[in-house]
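Shown below, as structure tokens, is a lone chain in the form predicted on its own; questions about how it binds or moves come after it.
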């Protein structure tokens, strides 16, 4: 029986290592490119917001770009937040919306649970919810890692 050995020339090994290194680096990049209409037809109703930052690290990784709202089913408030991953790597963000009535009282809602969203590097996406109670006039969006 003959012994078999594979001999790779030094130059080929260098190229092979370079190809592996490029492949690994490309595999680490999770940035997202997007394409959209040049002149959007949507006319969102953006709202002014007040931000309370208690975690500067989180604020440095993910930011809320905009918040808009609408009314659905005649009287239910719908809120949508556009969020952006400010880093090049994959991020998991947890969020929840809380609803508040006209008197400033919290409205208990079964959809007030923490949810997760994954954002690729530099990706922008939207998170949204609809109040289940027509008494909801305001909301609080909470974010955490």
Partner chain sequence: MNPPHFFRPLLGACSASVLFFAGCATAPETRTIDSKGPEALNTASINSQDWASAADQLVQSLLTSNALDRVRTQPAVLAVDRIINNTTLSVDTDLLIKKIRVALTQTGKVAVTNTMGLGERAVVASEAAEMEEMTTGKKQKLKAPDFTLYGKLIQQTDRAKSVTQNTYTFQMSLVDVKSGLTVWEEEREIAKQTKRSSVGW
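From a predicted model like this one, the values you see are computed outputs, not experimental measurements. Residue numbers count along the first chain shown, from 1.
Absent from the display: the form predicted together with the partner chain. The rest refers to it.
Against the partner chain in the model of the complex, the set 75, 132 and 144 is in full contact: each member has a heavy atom within 4.5 Å. Although the partner is absent here, residue 114 sits close enough that one of its heavy atoms falls within 4.5 Å of the partner chain in the model of the complex. Heavy atoms of residue 128 reach within 4.5 Å of the partner chain in the model of the complex, making it an interface residue.
For residue 94, a non-hydrogen atom is located within 4.5 Å of the partner chain in the model of the complex, even though that partner is not displayed. Per the 4.5 Å heavy atom criterion, the partner chain in the model of the complex is contacted by stretch 104 to 112, the sole one of 104 to 112, 60 to 68, 37 to 45, 81 to 89.
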